[in-house]
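Here's a solo chain for you in structure tokens, the form predicted alone.
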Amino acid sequence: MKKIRLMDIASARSGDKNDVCNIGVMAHTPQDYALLKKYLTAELVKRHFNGLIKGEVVRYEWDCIEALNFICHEALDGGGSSSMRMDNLGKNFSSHLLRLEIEVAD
């Protein structure tokens, strides 16, 4: 097994509505997309945020553009206007996710 940085094989964007954040992860190449589909699970995304996401994380696959979309429920401490977090929006979730290291087969 070896570790690769998500930022080396993908780009990401994120946004929010109320207490839900979505994170789109777009592979750089078809080979990278195969790695994303195999290793970047909803459970791994939730674990990476280490308690920041309280609810379910659902993964959607968008094969025609080689991208994954993660819908993260209860991710914003109640939403922008009720949260006491320093950053109460979902715009930075994509940058945070790109710091993830994935263990893949050699």
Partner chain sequence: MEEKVVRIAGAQGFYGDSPLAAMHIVQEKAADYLMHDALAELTLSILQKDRQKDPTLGYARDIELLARTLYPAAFSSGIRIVSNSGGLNPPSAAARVAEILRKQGLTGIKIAYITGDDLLSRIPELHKQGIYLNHLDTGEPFSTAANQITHANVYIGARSVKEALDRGADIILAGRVADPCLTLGILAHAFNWPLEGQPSQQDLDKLACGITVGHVIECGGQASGGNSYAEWPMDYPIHNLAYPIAHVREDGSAIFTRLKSQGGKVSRNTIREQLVYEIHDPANYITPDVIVDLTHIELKETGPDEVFFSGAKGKPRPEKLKLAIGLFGGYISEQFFFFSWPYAYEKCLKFIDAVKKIWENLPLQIERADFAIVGVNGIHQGAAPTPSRQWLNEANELGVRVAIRHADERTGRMAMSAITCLGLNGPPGLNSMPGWGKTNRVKLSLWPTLVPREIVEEKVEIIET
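None of these values were measured; they are calculated from a predicted model. Residue numbers count along the first chain shown, from 1.
Quick note: we don't show the form predicted in complex with the partner chain, though the next part is all about it.
Visitor: Is there a heavy atom of Asp32 no more than 4.5 Å from a heavy atom of the partner chain in the predicted complex?
Guide: Judged by the heavy-atom cut-off of 4.5 Å, Asp32 is well away from the partner chain in the predicted complex.
Visitor: Is Tyr39 near the partner chain? Define near as a heavy atom within 4.5 Å, in the predicted complex.
Guide: Although the partner chain is absent here, Tyr39 would stay clear of it in the predicted complex, with no heavy atoms inside 4.5 Å.
Visitor: Can any non-hydrogen atom of Leu44 be found within 4.5 angstroms of the partner chain in the predicted complex?
Guide: Output for Leu44 is no: heavy atoms all beyond 4.5 Å of the partner chain.
Visitor: For Arg5, is any heavy atom within 4.5 Å of the partner chain in the predicted complex, or not?
Guide: Heavy-atom contact with the partner chain at 4.5 Å: absent for Arg5.
Visitor: Using the arrangement in the predicted complex, list in sequence order the residues of 29 to 51 with any heavy atom within 4.5 angstroms of the partner chain.
Guide: Sequence-ordered list: His48, Phe49, Asn50.
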